[in-house]
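The same protein chain appears twice below, in two forms, each given on its own as structure tokens and labelled structure 1 and structure 2.
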Structure 1
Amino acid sequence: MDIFADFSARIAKALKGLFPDAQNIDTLLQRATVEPPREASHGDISSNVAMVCAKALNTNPRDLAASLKEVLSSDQDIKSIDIAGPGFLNFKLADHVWHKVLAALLEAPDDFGRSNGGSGEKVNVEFVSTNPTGPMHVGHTRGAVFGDALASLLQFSGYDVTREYYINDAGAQVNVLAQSAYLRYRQAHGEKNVEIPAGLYPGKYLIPVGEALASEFGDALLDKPEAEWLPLVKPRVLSAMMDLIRHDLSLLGVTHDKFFSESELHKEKMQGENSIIAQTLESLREAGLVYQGTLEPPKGKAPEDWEDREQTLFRAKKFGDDTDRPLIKSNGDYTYFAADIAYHRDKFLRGFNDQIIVLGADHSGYTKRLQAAVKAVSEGKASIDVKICQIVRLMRDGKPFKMSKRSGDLVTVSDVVGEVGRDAVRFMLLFRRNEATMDFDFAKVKEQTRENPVFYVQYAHARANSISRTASKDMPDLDISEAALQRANIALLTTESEVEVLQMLAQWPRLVGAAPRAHEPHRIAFYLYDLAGVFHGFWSKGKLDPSLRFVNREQPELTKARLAMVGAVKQVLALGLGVLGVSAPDELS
């Protein structure tokens, strides 16, 4: 039950009744909001509908607000309506509205807030997609957690979601990785003076790979030229690195439905069929979107793919990009962007009109070019939302860690999860907008205080469970089974503190409906923290005022009503934590 959607419909009905001949009301209402006011003193629901619609309806906002107030004042669910400022409508609702919300939650607790807003629409969420050159470090972790939570959020709203990982296994860095592993292979054979030169990967994580190569090939590769051993070493080291990455992802509770290999884009198919990239470029040529030309040098530092020569270009500017983009390098190889276009065309051909890609901060300039690519290859039928995850600074003793795969000085996912746990890592990385830089303070995520959001929220869930145990102990004859609490007289919940909790619960359906549309899982983390705050606040008031305690031996019916509310809080916390991939413990040590 989404009371905000409900009252939005009531306002729309009232507006259409006032202007029965207006043809544009539905369009106008798309820009109107019905939401909790910023200040609690302003009421329970606030709407800007009068300000949004007045001009188009040839009236002024305050007059329109007054007319709406007159029509809606007879609604039995509304206590009062105030007109504020230039024409805001502020509603105070009757207590029984909040009781209806609680009743709906108790009747179908697992489905509270769920919707079929996605209508089974296919969505591809590509995330992590780090180069397979070593274990994941914390810089990759934020994108992994964000992408996984976003996918779960979309699934909660009825989308058919595919989690995808793009394996960058066709670039020069993979040859460098194989060369690094080959040196570890030589070391495994006892060669004492083998050094890892600058430009290669010196990380110790390649030592087991070298040992595995030695076990498999013996000394057969030692005297072979690179052209012979490279094709043997490369697929094995890639497989080992992907095993490392899958293991790191499992530590975060992340699994992918599909792993797509970049090398597949470059392969020529059987019976002489062109590669996926070649097919893509041919389709773009047929559409008049590929041409031979030159590019003006960009202002400031030139990008890696800019060359001062006539070259094969994609008409990216036609689709909103800042410049057209090269497709073929001077040596005849395809550019990275050519592969990107082909890959996203492949997604479209697999039925994904709705695509999301999660990238790191160093890819912030990719948004327009990827959007242009998807528009071009789908003839405007598909779209892509590029989500950028800014850097995470690990803090210890007030100093940030330095991370580099090339240097081997890594702070890995395994390190971080091993120290603070999966729940803390996931919740803290989601407790901030993805485009905002954040500090991950090891000391703070270990605190058992309100300053540690994950503890604060999980403690609320554990406290709700503890209250139920206390009731069973103190009032053993009181039936507090799920069925009994569904029949509780929740109309007894009328104090300011009780209504405040119910109002927070009522926000869940609206929030979990809006967050997937905006692709913003952080909203869930923020809401859970606020819900936990209201719940902890009620519990604290009960310590000072016995009449507000959840368990009252003198008032069994009120106790049951409050326990029903406590169970509802526990359920919504569990639903939200589940979306975020964080556990909802019944006890905290």
Structure 2
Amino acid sequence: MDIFADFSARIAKALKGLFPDAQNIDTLLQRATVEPPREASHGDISSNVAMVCAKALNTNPRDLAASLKEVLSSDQDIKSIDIAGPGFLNFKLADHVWHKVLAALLEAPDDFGRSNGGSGEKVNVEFVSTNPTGPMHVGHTRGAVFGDALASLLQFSGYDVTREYYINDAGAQVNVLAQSAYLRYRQAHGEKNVEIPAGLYPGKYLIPVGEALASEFGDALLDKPEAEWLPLVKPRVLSAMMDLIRHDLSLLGVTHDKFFSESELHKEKMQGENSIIAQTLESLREAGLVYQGTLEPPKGKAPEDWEDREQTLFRAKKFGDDTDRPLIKSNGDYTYFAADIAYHRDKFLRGFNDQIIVLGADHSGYTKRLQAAVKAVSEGKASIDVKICQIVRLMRDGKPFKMSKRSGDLVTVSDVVGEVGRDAVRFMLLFRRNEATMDFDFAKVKEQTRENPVFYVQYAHARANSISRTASKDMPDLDISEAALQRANIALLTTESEVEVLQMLAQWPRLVGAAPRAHEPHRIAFYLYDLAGVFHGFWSKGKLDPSLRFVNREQPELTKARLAMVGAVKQVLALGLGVLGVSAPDELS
């Protein structure tokens, strides 16, 4: 039950009643807003309809507002309407409106705010997609958490979401990986003077892979030429790396529905049949989007090895990219981008007109060509929203954290999760807009104080639970079962503090409806912080004024009503934390 959507409909109806002959009202109303005003003194709901629609209806905002006020003031749910400023309509609502919201919440707690805004539409969210050459390091964490939370958010809102991971297992670096693993294999056979040369992957995580190869193949690979051992080693090391990555993802609580392998795009499916990439390029060719030509060298930093060469290009510029893009390397292989076009065509052919991809800041330059590719392969039917996660700076006590890259031992996901815990990592990374850079301070994230938003929100949930425990201890005869609280006389909740909490709860449906449309999970985190704030605030008032305590022996009915409200707060916190993939503990350790 979204009261803002509800009143938006009432206003629309009133407007149509006033102008039965106007045809364009629905389009006009798209620009109108019905929202909680920033300033509490402006009422509970505020709308700019009169200002937005006046001109087209041949009137002026204040007159239109006055007419609307007259029609709407007969509504029993509206306590008063003020016309303010240039023509705002400010509504004060009757308390029973908030009670109805609470009742709806108590009746279907798990579905509160769960809209059908997505109406089952298929969305593909591609995220993480790190190269399968080692365990995940911190740099990938933000994208992983963001993508996962965004996917959950969309699901909450009724989208049919597929979480997808693109495995870059076709490029040259996977061969390098296999070579590195092969050297570890030789070491596993006791060859002491085998060194991992520069340019290969020196990480220790390949040692067990080498050992596994040794126990599987014995010494059979030692004397074979690379052309023979490579096809044996490569799939095994790749699968071992994906196991590592999946393990790291599981530490973060991230799961994917589909892992798509780049090498599938290069394969000739059947004898003589073209690969998916070849087919894709063929269809682009037919559409006149591929040509032979030359590119301008990049300006500003004239590279010495620039070779003005004719190559096969995709007309990305036609779809808004800055330049056309090469499809075939000088050695005849497809470029990474060529495969990626084929991949996104595949997504489109699988029914995803609505695509999202989460990338790190270092790939932000890739955005336009990707959008161009999706437009081209779908003939404009599909689009992709590229969400860039900005850099995270690791800090310790306010000082930047030095990472040594040389040894191949970067700070990994498991290091971070191991030190601060999954909940803190996830919440902190989501407590910021994705396009803003952020500092991640280990010390601060572990603090158990008000300054730590993870703690603050989880504590609110635990406190809600603790209040119920106190109630059953202090008032053992009171029936506070879920069923009993559903029947509680919530009309007793009329103090300012109570209404404030109820109003906050009433915003959840609106928020969790808008955040997925904007692809912005951070809004959930900020909302939870605010909700926790009003809830903690209420609790504190009870310290000074015993009449505001949740549990009140003299007033069992009021206690029940308040416990129903506390349960509702707990529920919304749990729903929100659930969307973020953060646990909602009943007790804090």
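The term rigid core refers to the maximal set of C-alpha atoms that superpose within 1.5 Å between the two forms. All values derive from a computational prediction rather than experimental measurement. One-based numbering along structure 1's sequence throughout.
Participant: Which number belongs to the form predicted together with the RNA, 1 or 2?
Facilitator: The form predicted together with the RNA is shown as structure 2.
Participant: So with the core overlaid, does the Cα of residue 536 end up 2 Å or more away between structures 1 and 2?
Facilitator: The answer is no; the displacement is under 2 Å.
Participant: Against the rigid core, is the Cα displacement of residue 75 between structures 1 and 2 at least 2 Å?
Facilitator: For residue 75, whose C-alpha is compared between structures 1 and 2 after core superposition, the shift is 2 Å or more.
Participant: So, does residue 575 move by 2 Å or more at the CA between structures 1 and 2, with the core held fixed?
Facilitator: Comparing the forms between structures 1 and 2, which are aligned on their rigid core, residue 575 does not shift its C-alpha by 2 Å or more.
Participant: Please state the CA displacement of residue 40 between structures 1 and 2 in angstrom, with both forms fitted on the core.
Facilitator: Residue shift at the C-alpha: 2.6 Å.
Participant: If I align on the rigid core, how far apart are the two C-alpha positions of residue 60 between structures 1 and 2? Answer in Å.
Facilitator: With the rigid core fitted, the alpha carbon of residue 60 is displaced 4.7 Å between structures 1 and 2.
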